[in-house]
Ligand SMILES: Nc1ncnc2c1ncn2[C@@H]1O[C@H](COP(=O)(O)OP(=O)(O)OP(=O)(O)O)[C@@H](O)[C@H]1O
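Listed next as structure tokens is one chain, alone, in the form predicted alone.
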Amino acid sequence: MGKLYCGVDFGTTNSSVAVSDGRGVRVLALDEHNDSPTSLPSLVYITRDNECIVGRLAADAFIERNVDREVILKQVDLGASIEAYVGGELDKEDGYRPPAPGQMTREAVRAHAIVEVNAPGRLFQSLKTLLRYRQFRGTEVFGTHYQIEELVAFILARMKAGVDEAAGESVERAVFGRPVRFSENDRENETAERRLRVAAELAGFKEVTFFYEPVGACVEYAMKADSRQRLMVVDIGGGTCDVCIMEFGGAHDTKTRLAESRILGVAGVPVAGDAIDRETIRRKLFPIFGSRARYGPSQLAMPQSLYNQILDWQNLYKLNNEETIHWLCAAETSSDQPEGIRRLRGLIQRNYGYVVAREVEAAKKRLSSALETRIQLEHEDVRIDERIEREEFSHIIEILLDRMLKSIEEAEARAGVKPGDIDLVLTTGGTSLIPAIRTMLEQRYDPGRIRRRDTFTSVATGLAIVAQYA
């Protein structure tokens, strides 16, 4: 087989890869177990035996092995001492005067941590989002330390294996997509790109060129036309909303058309599908778990910090300790919403955090074609049947939509264009299918100018074309 040019779209939720052989572009099948084989879920599951499972099977393995099981926590000595100020309870008398800093007692205190001793495995998702956090360098998994770059490389290695199989040889050069902004912080933005490059090299790609993801989607469409066009791409996936405005000349051949293209303006914001899911859980499900309950003789409000941990489902098991569970049982007996607190306790004890997150995501997708749906869960101790309408969902996410709209306006300002100056608006990414987002675009642009591209593969296809001519 002749030389293949490779475009890699590593996504927050799903990833895809496309190759061009000079005659055409095709998207490769990467996960036969997924509903769409050309879309690889960006998931990694590492077992206690250090087996690494990637894609749809990673999610299946986590649900099968982790949900509805007993969690055993243990306090372990970290083998280190830390300096701390030590003293008794403060004197409450009127004449009490706290000691000066130099008079306070400092002692070495042993450092401990709470760990789960019977976990069969760890599931990692949204790794692309974690790339930007400089403080998150890696994590310990059953005695083995994995850097964030290594975890990402597990996914990229699956993608490279697909490319190598298609080429019949090792393909070491690729154009990688990246969001316009991994983060609104410049240092975090640079950190994320550097880490993604290292992960690509660990996976076997020796020569990596980065290209904005929305530019890739723009190229994918423009190469099928031969007229002068000013295009906007709105790419909203799991982690980011990216916008690009490009201008293409009227050349007939792909190489000249690409060479004569111009990027007029780009913008991006790290708000997309994951943020929408979290906000839906906060607004629709927190009350189901008793977030508005009152408990005790003084009818105290439930601590909201407890509910925020539901959003971090990977660490939800840490609440499954004797102290927290006993406190919840006590709160339940004196609460005005005992059923809600009982659900919360079941959620924690049965480790249903990921199951809830998946059901909310599925409900969001169903609302793209239905006017209403239900968020349902039928498990022991946790039964949910919550109706949600499309209009209500739109109100829940309107603050997030406003941030996306501001990103679109920023791209227009940088390009020096107005809405009427844009010939076509192209949408891609799974979150762009939400009707409220489409309505937002139709209100700003003529509905006849909006074109929907392939949700998961248009970016990879465009990147493969760029790889051929770059």
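Residue numbers here begin at 1 and follow the sequence given. Model, not experiment: these values are computed from the prediction.
Although not depicted, the form predicted in complex with the ligand is the subject of the following passage.
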| note | Partner-free chain; cross-checking the ligand in the predicted complex, the single residue of K365, R294, R342, R158 with a heavy atom within 4.5 Å is K365
| note | Answer key: of L57, I63, I422, L433, within 4.5 Å of the ligand in the predicted complex (heavy atoms) is L433
| task | Select, from the options 320 to 328, 356 to 364, 196 to 204, 244 to 252, the stretch whose residues sit within 4.5 angstroms of the ligand in the predicted complex by heavy atom distance. | result | 356 to 364
| Within 4.5 Å of the ligand in the predicted complex, do Y5, R257 and G462 each have at least one heavy atom? | no
| Close approach of N14 to the ligand in the predicted complex, 4.5 Å, heavy atom | yes
| Could you tell me if E149 has a non-hydrogen atom within 4.5 Å of the ligand in the predicted complex? | no
| said: Just checking whether G177 would be counted as a contact of the ligand in the predicted complex - the rule being heavy atoms within 4.5 angstroms. | reply: no
| message | Given that the ligand is not shown alongside this chain, does E220 nevertheless sit within 4.5 Å of it in the predicted complex, heavy atom to heavy atom? | response | no
